[in-house]
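Just the one chain here, the form predicted on its own, laid out as structure tokens.
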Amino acid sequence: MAENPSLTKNPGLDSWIAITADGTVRVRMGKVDIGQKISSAVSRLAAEELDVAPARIVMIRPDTIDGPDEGMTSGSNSMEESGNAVRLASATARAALLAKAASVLRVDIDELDIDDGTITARSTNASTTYWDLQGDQPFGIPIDHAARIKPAEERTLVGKATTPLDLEDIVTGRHVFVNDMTMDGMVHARPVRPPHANARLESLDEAVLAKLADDGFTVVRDGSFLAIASADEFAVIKAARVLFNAASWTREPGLDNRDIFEQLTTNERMSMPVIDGVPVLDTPVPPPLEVPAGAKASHAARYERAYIMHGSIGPSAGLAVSRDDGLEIWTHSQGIYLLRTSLAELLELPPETLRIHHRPGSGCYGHNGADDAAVDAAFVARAMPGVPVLLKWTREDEHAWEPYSPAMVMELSGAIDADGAITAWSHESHSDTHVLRPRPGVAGLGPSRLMPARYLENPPAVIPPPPNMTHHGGIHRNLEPLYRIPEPRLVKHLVRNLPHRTSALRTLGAYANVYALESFLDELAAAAGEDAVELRLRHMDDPRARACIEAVASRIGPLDGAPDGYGRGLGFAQYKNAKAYAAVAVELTVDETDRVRLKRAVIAGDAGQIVDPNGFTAQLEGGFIQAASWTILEAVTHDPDGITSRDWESYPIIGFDNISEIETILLDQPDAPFLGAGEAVCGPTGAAIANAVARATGVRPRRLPLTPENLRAAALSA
């Protein structure tokens, strides 16, 4: 097994597992549950390796007090990192408890059996329990990286369907999200934002401020950071509007409203070739592709994707209390340790005096407003020492101020020879950064990425993001085709001076890159008179990838054989060329108003060993629905005066009226490593829908989303 960063940072068994005297097993992890139900899968792993009933496992929510530091919950890494760490920790604990039991019962370890934490000696029938041996006591040992993990044939829990933890509380409304938290003496707060990101606060009407103070409101101002707090939440909501109207703002410069796709290809940028999935600095970008002699067909196409947002159903929130010994914060951030480091640097506090707890919020799979709302709450709490402050964003705040997923332009060209072999391939992707999470680094880097800090009287300097140089990171994620193509020309362009703050959204650059790559494969196949599925299989050597493609192709039926008026399409990818494999096929129609109507979808996924089939299915189907929404509907809009897509009418998301029938095929690999399932299906979904629309209409759509307006524009330009 490759080195696990979670175990490297947290090598002690006590960071992960605790046995209590009352007969429970407390399991800690640093990866947060944001709807992907990682806690359910990890709980099942712990129960399996410890030989206890799943009901005995208590999953402890992550915090920075004594929870393991696992960095960021991102990149489909949770099972590979947290899952493997807890599995190995549980196996280590089991071996240690067996050794203790053998000593207490005076038998060889080989004579011992375990049943739900009770250890019995077969020869004497004497027994003891985990709770008798270890109850409320630390293990005090490191995790044994050579501890025996149960092979597939011995597992009784892993791979079996289970009900997700907390599901009953969620569907019955008993679940407490950070937005629902209460504390004695708590006040409610709202931030008051400028009209747009470039605006700054000039002055406030002093008469209005005096009236608000007389009415019991606390106004917090530092430079252009502005917030208001009081015990009555509804009164705060109304007072926030009063405070906004009492402010004078500088509005110039406004937001750059030039065509974003033109900016992506003409602005200043850093350009670099990508070789074996990694960008290479200080190396010239290869010259444009030349069509090889003897090519049967060649083709070039440009694909575009607008800015999209996380679209969290519930707006972000944070709760904070400032005390003499430091700050305590409750947040739905996906990286509580990284947030702690960045906020401590900004406030010039020792990191250990910031205690951050994860509490569930509206799920987002990426960097939405959670970190910023926590910082908002901290700023207000520091102005009101000893008073718990629950700060919530509004829907307008969430839509207008979260970090977006950047717009992208993908330019592809290629050629195919008389034997049906792809002989040339070029893919260039243009985008802003996909990674602007608060992270430690050079001085000021983390604080500069906390949006509220940018509006302080003395803000941290904004540090331009460097290019992401990791394997399949950011813009170049899934830029490299998994197909067998000789010497593909791959180029990454990190574009500067674009109008919006951007950061991580589920899949980062992979969704747009796979949409473009798989759309282009269909176009190239059509140009050469080739079958699109056969072209893929002919260039695919990985048998697990082939199995996914073949599974959906066989179930959806011939791509060119859909009923009249319908279209079928297919898309495939292995996320980051290293994580889960997924293929998607869809059948759809485009109605008389030019709206895409999904009718049927088939998904095949291979994430290695499956711990929880229900969880894996939910990840695949949920990813399909979210990506379908991106593909058909979603686009952030703005004008010079600010964001104009500030509600669900101006930024629509997919509704129940367009959720297709979904058939999901799970390809289990019981003896294979975990691959991570959370992001694999999104790119193939976008490509499958675009390819199906092309077959249904005879028009190739290349600009997302596939709205009626964009489909009509594609038809006019065809």
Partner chain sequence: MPTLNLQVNGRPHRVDAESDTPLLHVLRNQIGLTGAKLGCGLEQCGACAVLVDGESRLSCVAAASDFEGKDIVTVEGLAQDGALNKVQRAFIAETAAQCGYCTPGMVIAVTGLFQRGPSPSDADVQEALAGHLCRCGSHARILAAIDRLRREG
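Just so it is clear, the model here is predicted, and its values are computed rather than measured. Positions refer to the first chain, counted from 1.
One more form of this protein should be noted, the form predicted together with its partner chain, which is absent from this view; the next part is about it.
Enquirer: Does at least one non-hydrogen atom of I653 fall within 4.5 angstroms of its partner chain in the model of the complex?
Expert: Yes, I653 sits close enough to its partner chain in the model of the complex that at least one of its heavy atoms falls within 4.5 Å.
Enquirer: Might T172 be said to contact its partner chain in the model of the complex, defining contact as any heavy atom within 4.5 Å?
Expert: Looking in the model of the complex, residue contacts with its partner chain include T172, since a heavy atom lies within 4.5 Å.
Enquirer: Consider W630 of the chain shown here, and say whether it contacts its partner chain in the model of the complex, taking contact as heavy atoms within 4.5 Å.
Expert: Result yes; W630 sits at the interface with its partner chain in the model of the complex.
Enquirer: Does any part of D132 reach within 4.5 Å of its partner chain in the model of the complex? Heavy atoms only, please.
Expert: No, D132 stays farther than 4.5 Å from its partner chain in the model of the complex.
Enquirer: Tell me, please, which stretch of 447-455, 619-627, 366-374, 135-143 lies within 4.5 angstroms of its partner chain in the model of the complex when heavy atoms are compared?
Expert: That would be stretch 619-627.
Enquirer: Considering E487, E206, D639, E233, which brings a non-hydrogen atom within 4.5 Å of its partner chain in the model of the complex?
Expert: Contact check passes for E233.
Enquirer: Give me the residue from R106, R200, K238, R148 that has a heavy atom within 4.5 Å of its partner chain in the model of the complex.
Expert: So the residue touching its partner chain in the model of the complex, by this definition, is K238.
Enquirer: In the model of the complex, do E168, R190 and N614 all reach within 4.5 Å of its partner chain through at least one heavy atom apiece?
Expert: Spot residues vs its partner chain: full contact, yes.
Enquirer: For 633-651: residues with a non-hydrogen atom within 4.5 angstroms of its partner chain in the model of the complex?
Expert: Going through 633-651 in order - heavy atoms within 4.5 Å of its partner chain in the model of the complex - the hits are E634, D647, W648, E649, Y651.
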